[in-house]
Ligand code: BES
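Given as structure tokens, the chain that follows is alone and in the form predicted on its own.
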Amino acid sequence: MKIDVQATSPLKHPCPALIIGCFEDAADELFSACDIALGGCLSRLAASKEFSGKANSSRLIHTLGKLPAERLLLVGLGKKAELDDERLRQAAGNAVQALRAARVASFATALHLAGKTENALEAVCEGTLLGSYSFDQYKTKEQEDRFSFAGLTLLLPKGLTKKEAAARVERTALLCQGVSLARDLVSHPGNVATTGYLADTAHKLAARHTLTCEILELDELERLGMNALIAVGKGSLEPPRLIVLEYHGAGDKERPVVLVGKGITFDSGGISIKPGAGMEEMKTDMAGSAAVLGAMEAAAGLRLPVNLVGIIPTAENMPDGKAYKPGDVLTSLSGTTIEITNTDAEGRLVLCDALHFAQRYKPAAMIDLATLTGACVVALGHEASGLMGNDQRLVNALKKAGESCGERVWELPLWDSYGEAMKSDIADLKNAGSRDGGSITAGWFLKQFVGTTRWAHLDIAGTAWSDKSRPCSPKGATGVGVRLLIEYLRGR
């Protein structure tokens, strides 16, 4: 979507539709001016409760020539005292979805003028771009009738120059490009988004932004001794790989932040095969890797002054005569031996080798993202990602970032007593315990491979995909993790 910035009064700007924000308990100057121009229409809508200004509500009305804008889209902001960036972000997403339903391709917004927060402009731009996303690459029918947005005009707030506003819009657009990349990757089917596809995506990303990219193929994984990663991919014709991307935005002496993303391009469960119903959604098991690639895209585009390393262990978990099986014992890269009790607990296996590998970069901090456990969905539903870690400052920083950007996280304990469930009778560890506390025991397992590195684990199993449309995230892949990571990195 093309975004333009105009220093024009909303009351004088001709456009197919103008978006304004409306409070539940107050009428601001713009609302009142539009009400007067429309002969009291807005007041009557409020009095009759046809539109009350409640959050996540909207109402599209035709101005019949009484305003330069052909239509006025009223978007509810809730109570004035409760307005914040997230409320504006959600309202912008809600607005753009209402315009999609009405097939209005070009529009202007004054929604940010209702917000007095410092980042109101960015919040509205972000919500609009995230809410306008769609993925229809595999639909071949009725292409001529398919709707797409043409352009958005942001009406300039007072006290901000056009150049300053355009720069802020550009930064927001770069962030949303990272989210869109992550959403696209998760949306692609497993026969397209293979381990090789992720590797090619990393190469193209590196070429766009002059990053360093290295792909460790099977022979190199064998030479290194990454047997846990190799084992997960043994049942597939698509070989496992380790993708390493490096972004240098700070001096050579600054230690990098390492991002590790689980890249299981399809998870059948292996020999411990999953039920057939809903298995098609297991193409999303590489959402952690998508988040890392999206974050690297955004960080490089924004030229953040940090050093970053993105590490993606990627494999396809399939049943086959060569597949690893329950009862096998693997020797991981760290030398720790692992008894396999469930081949469907494969994510922690590819991650344990990657986390140990990452220590060679002497990270200032290390964050992994993974659609790791169904237990996290049971615990937190689809509203928050699970968060665990060995450093409270890092955990707190991620919490703060999540609240700021709207990708909320919830901390779970990581006490040593949870490790009792992961002890094996014949090896150092086993890869799965009982169902009790399953997301925590999986996190505890990962902790054994990070050494003394400051580390946090994000279980995004419940937040990477949505079965229903939300204001800033249409049904499907959410791209969760990208905005959270960028907000955290900005905070550094």
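A residue's number is simply how far along the shown sequence it sits, counting from 1. Bear in mind the structure is a predicted one, so any value in this text is a computation, not a measurement.
Separately, the form predicted in complex with the ligand exists; it is not shown, and the next lines address it.
Between the ligand and the residues A456, I440, A461, L446, the one pair within 4.5 Å by heavy atoms in the predicted bound form involves A461. Interface residue among E407, D353, D267, E297 relative to the ligand in the predicted bound form, by the heavy atom within 4.5 Å criterion: D267. Within 4.5 Å of the ligand in the predicted bound form, a heavy atom is found for not a single one of C125, L155 and R168.
The ligand is not drawn, but in the predicted bound form it has no heavy atom within 4.5 Å of D368.
Not displayed here, the ligand is kept clear of P305 by more than 4.5 Å at the level of heavy atoms in the predicted bound form.
Taking the partner from the other structure, the ligand in the predicted bound form has a heavy atom within 4.5 Å of a heavy atom of D285. The ligand is not shown here, and in the predicted bound form it never comes within 4.5 Å of any heavy atom of L130. Partner contact region in the predicted bound form: 274-282, out of 274-282, 225-233, 91-99, 326-334, criterion any non-hydrogen atom within 4.5 Å of the ligand. Residue K262 is the sole member of 238-262 found to place a heavy atom within 4.5 Å of the ligand in the predicted bound form.
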